[in-house]
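Here we start with a single chain on its own, the form predicted on its own, put down as structure tokens.
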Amino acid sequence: MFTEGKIGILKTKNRFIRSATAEFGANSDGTITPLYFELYRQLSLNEIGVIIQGHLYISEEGKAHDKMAGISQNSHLKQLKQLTKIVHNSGKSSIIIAQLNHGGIHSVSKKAPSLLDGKKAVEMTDDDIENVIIGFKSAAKKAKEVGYDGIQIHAAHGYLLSQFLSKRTNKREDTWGGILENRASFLLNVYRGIRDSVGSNFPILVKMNGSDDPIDGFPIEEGTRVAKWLAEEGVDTLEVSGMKSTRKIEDEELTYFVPFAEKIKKQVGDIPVSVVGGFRYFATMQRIRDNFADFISISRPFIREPDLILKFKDDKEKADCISCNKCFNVEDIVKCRADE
């Protein structure tokens, strides 16, 4: 876990990734608060190999929840540039990735691939889809300009791009729906647009569900095919996650998505793969790393212990996080509330 890794042209000091975690620390206009800066200052001081920032909305209509930070307006950029400097100047963890997202049905616009039973949804037109692709391209270009080391496309967790991948939420009968090739075309076009926008060397990562099965209609057999297509396009790293329905305990150490990530890794060869979900024991992380994973992604444990990597280096065996999720009972910013 403490060996160097590679993500495209980037060299990482170890194999730990801070998986993007919604901070709930932004103002209503998408600008970020002093507590937000402090959160990333703390993360940057503690030798985390790669820090992926919590999702940034690429357009006002794609904002997924209150207190979400944005990258859609020029007014957002001065602070985001300041944030990248905080990480780069720490001298500890020099890599920060911007995660770009559109909330789809979960956003203020309620736009979705198709109309959904029991939910207010606006079915997207071809123009809507094209505008989202343009929005991702524009946001990626802004991210590069303000100093991020790469970007991650959020195609997981039931947000817009994963809604298009799922048969449950994508009931279209045109070129954006139906067979998997059509359902994946939105994500692939977003990737291609971003690649054209940022150039061949700027790292692009994708966060995707290994599977939404059994609920959301995106089984692992389809997940592996989409991963392979992304690898063929030249994606720099895939981070494998999933929906709540697939958070099944495979062993006592709660590594939810390892079986999906292992199957995806077999399909993508040399493309780096990271897996997130329930990691608490260092020995488990090392075992999965030795078995197949290029990186291990962690989310909630870093909320409680931003210095967790340093503690692992000093032979700490298990993160203190108890998975209570009180950290997301947000008042001002995400933080551990397990002892409250």
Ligand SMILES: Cc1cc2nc3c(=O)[nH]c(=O)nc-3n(C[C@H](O)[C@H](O)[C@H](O)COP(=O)(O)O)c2cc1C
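Just count from 1 along the sequence shown to find any residue number. Just so you know, these numbers come straight off a predicted model, no measurement behind them.
This next part talks about the form predicted together with the named molecule, which is not shown.
Taking the partner from the other structure, the named molecule in the predicted complex has a heavy atom within 4.5 Å of a heavy atom of residue 327.
For the chain shown alone, residue 63 is not a contact residue for the named molecule in the predicted complex, no non-hydrogen atom being within 4.5 angstroms. Proximity of residue 256 to the named molecule in the predicted complex falls within the 4.5 Å heavy atom cutoff. Taking the partner from elsewhere, residue 334 is found to have a heavy atom lying within 4.5 Å of the named molecule in the predicted complex. Annotated contact segment (heavy atom within 4.5 Å of the named molecule in the predicted complex): 272 to 280, selected among 27 to 35, 310 to 318, 42 to 50, 272 to 280. Note on the partner interface in the predicted complex: the residue among 107, 170, 241, 237 having a heavy atom within 4.5 angstroms of the named molecule is 241. Think of it this way: in the predicted complex, the named molecule has a heavy atom of just one of 102, 76, 111, 207 within 4.5 Å, and the residue is 207. For the partner-free chain shown, nothing in 119 to 152 comes within 4.5 angstroms of the named molecule in the predicted complex, judged by any non-hydrogen atom.
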